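In structure tokens, one chain follows: the form predicted alone.
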């Protein structure tokens, strides 16, 4: 579907997601520290960590293949490309057809797959165990995301996120139905799993018995690890932006004032969702691995019920 969002605006939104991604992570870490009565690092600490990683050298296992070098770049490219498909400042389909929500989820799945391949390619038990656990969680998360997208897209008749957000319009808060509440509840359940946070994963640990996503990243070093970390920050804000586009669209506003309003509204929505993640991480303990399917089953039931209500 071709619309009125120029390609330049789409590129600006994509770059904005990449630049703001580490800030969202730093904000979540700062809120967690405050909730736990700690001082904590500043909100710009992830930027300093990335700068340090890109200045370091690279250490690579002897068992890796030549493909291992390209995996961090491919993962980052797939994640950044997914960010181009999410409307950030302005709703409406882009002037140049780039893809829809199905492609967005496919790009995120591709990034997850490449990350697991890189961990297995290193030949270590540490990364292999993390890849195995990540691939165990992925089939429980990705179908539920698809059902949430389809339950929202049925009403709009399209899976293009910009057109879907424009279809809801500025009066989306008056048009919510039971399917919207169930779909939003499913996304709240999936957010910690998709962003690698408690109760599914713990991003602050380096203990191999509790790590999922982080175990795969530690097979890389230097600039490669920096690319993987930046991809993780970007994936997190892309997921939050997907929730924003599906359930809290900004409307097809135009002009400079409309763009500023859209940017402010986007910042507020991301801050609210980041606060939710910080509250969840500070209020619950990490689940045992074999309890995670039961937790994600709640999201599956909500998403399936939302889709059924839309179709019936």
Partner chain sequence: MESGPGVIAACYGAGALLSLLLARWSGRLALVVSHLAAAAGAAAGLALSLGLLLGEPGRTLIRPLPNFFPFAKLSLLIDGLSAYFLLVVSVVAVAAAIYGPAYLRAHSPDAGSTRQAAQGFALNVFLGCMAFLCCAGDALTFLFCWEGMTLASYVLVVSDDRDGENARAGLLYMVMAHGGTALLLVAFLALTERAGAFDFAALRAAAAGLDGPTRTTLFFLALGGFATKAGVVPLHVWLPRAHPAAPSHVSALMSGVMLKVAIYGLLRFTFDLLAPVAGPLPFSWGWTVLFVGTTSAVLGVLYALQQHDLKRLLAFHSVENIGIILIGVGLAMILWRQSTGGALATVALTAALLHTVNHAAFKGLLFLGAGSVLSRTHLRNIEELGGLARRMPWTAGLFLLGAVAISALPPLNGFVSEWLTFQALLGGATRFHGPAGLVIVFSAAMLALTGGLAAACFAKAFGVTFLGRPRTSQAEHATEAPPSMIAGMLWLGALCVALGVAPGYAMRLLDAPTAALLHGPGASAVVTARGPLVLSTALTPSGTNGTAISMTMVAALLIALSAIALLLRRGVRRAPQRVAPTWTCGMTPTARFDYTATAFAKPLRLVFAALYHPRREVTRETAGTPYVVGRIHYAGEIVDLAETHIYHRVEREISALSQLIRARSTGRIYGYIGFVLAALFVALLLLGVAY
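Numbering follows the first chain given and starts at 1. Bear in mind the structure is a predicted one, so any value in this text is a computation, not a measurement.
Heads up, the form predicted together with its partner chain isn't pictured, but that's what we're talking about next.
Q: With a cut-off of 4.5 Å between heavy atoms, is residue 27 one of the residues that contacts its partner chain in the model of the complex?
A: No, no contact at 4.5 Å.
Q: Using heavy atoms and a 4.5 Å limit, would one call residue 240 a contact residue for its partner chain in the model of the complex?
A: Contact with its partner chain, no.
Q: Consider residue 73 of the chain shown here, and say whether it contacts its partner chain in the model of the complex, taking contact as heavy atoms within 4.5 Å.
A: Contact check for residue 73: yes, within 4.5 Å of its partner chain in the model of the complex.
Q: Might residue 58 be said to contact its partner chain in the model of the complex, defining contact as any heavy atom within 4.5 Å?
A: Although its partner chain is absent here, residue 58 would touch it in the model of the complex, with heavy atoms inside 4.5 Å.
Q: Between 289, 12, 19, 298, only one gets a heavy atom within 4.5 angstroms of its partner chain in the model of the complex; which residue is that?
A: Contact residue from the list: 289.
Q: Quick one: of 198, 188, 154, 89, which gets a non-hydrogen atom within 4.5 angstroms of its partner chain in the model of the complex?
A: Contact check passes for 154.
Q: Which one of these stretches, 190 to 198, 132 to 140, 232 to 240, 177 to 185, sits within 4.5 Å of its partner chain in the model of the complex when only heavy atoms are counted?
A: The contacting stretch is 132 to 140.
Q: Just give me the residues of 100 to 114, first to last, that have a heavy atom within 4.5 Å of its partner chain in the model of the complex.
A: Heavy-atom contacts within 4.5 Å come from 100, 102, 103, 106, 107, 109, 110, 113.
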